[in-house]
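Take a look at this single chain in structure tokens; it is the form predicted on its own.
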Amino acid sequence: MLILDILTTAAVLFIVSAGLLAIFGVLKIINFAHGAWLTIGAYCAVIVAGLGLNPWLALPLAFLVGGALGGVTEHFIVRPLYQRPLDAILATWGLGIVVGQLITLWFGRDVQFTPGLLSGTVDVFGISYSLYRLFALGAAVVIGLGFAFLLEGTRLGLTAQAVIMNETLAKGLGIDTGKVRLATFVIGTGLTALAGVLLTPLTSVDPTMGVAWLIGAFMLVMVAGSSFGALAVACLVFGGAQVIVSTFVSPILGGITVAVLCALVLRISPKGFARA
């Protein structure tokens, strides 16, 4: 049971952090509106449930809405600030606050609940375990493999890697780095909104729900650098520590374990797990 808890907790952390890492890896900007995009995705699930539609439809809806809003954000807010990363951080932080307030005006402050995508339990080696948490583990694997294919097997991935390694040289080779940045931001925010839907069976939905996930995701991305492999390792190590502390010491201390351990790793090795 403990091993399954560690694996599924790591999977949830990976799902929540992957969109943030995608944007940071190419744009070198931390999107502090990340929590807002998680919340947008969760409220897509609320809307789908309110319309009486199949809850699975919330997944493509959230990706499309998150990606579309991400494209608008990149064009009008982030793009002018690429050479001013501190201003970009402040701008996205402010955007996150604005989004939260708009959601509050539209839906109110009440906590919302949505139908689960999957319900029930399944026997794993004689242990009854949540089917949905196992689904989350599978979703994390699919997302990881999807990004691996995107980076290694598509033209967008190859051009994105060129931008990551040397943007000036990439421009000299004729790569439209503006389009690469836009596509990356759209994919990253779309994936983050999709992650918000996947979180809804595990937590209640309210206008500030994304804030609770922002710090942990931010710290994990700082440790991982621009590597999805390093992110997976970080989620497994620190997610495992969180489960162990929550189980054997205190759930309250477990809630801060990821951030504290990530801070310690960055203090010892500023490049984190991506250090050469």
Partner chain sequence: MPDANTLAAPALRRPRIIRSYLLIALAVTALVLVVFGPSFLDRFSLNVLTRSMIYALLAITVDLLWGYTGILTFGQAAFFGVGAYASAMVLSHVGGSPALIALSFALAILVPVVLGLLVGWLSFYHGSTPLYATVVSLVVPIVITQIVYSGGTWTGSSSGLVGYWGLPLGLAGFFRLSGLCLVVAAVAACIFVRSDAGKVLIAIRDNDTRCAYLGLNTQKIRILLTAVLAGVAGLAGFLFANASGVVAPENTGFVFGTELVVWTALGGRGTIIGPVLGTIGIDFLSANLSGRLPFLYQLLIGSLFVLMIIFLPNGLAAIATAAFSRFGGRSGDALDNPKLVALDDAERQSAPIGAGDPLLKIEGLKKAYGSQIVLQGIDVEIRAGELVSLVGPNGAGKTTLMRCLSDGREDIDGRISVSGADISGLVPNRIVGLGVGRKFQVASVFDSLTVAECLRMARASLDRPNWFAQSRELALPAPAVEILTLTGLSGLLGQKVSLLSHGQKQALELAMVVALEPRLILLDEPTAGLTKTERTTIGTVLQRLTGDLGLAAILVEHDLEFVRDISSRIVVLHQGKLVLDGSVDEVVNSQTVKEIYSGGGHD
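Residue numbers count along the first chain shown, from 1. Source: prediction; values computed, not measured.
A second form of this protein, the form predicted in complex with the partner chain, is not displayed here; the remarks below concern that form.
Checking 241-249, 217-225, 35-43, 53-61 against the partner chain in the model of the complex, the stretch whose residues place heavy atoms within 4.5 Å of it is 217-225. For the three marked residues, P80, R84 and L102, a heavy atom of each sits within 4.5 Å of the partner chain in the model of the complex. The partner chain is not drawn, but in the model of the complex it has no heavy atom within 4.5 Å of L137. The closest heavy atom approach of A91 to the partner chain in the model of the complex falls within 4.5 Å. A residue is said to contact a partner when one of its heavy atoms sits within 4.5 Å of a partner heavy atom; F76 meets this definition for the partner chain in the model of the complex. The closest non-hydrogen atom of L131 lies beyond 4.5 Å of the partner chain in the model of the complex. A heavy atom within 4.5 Å of the partner chain in the model of the complex is found for one listed residue only; from V141, I97, A148, V72, this is I97.
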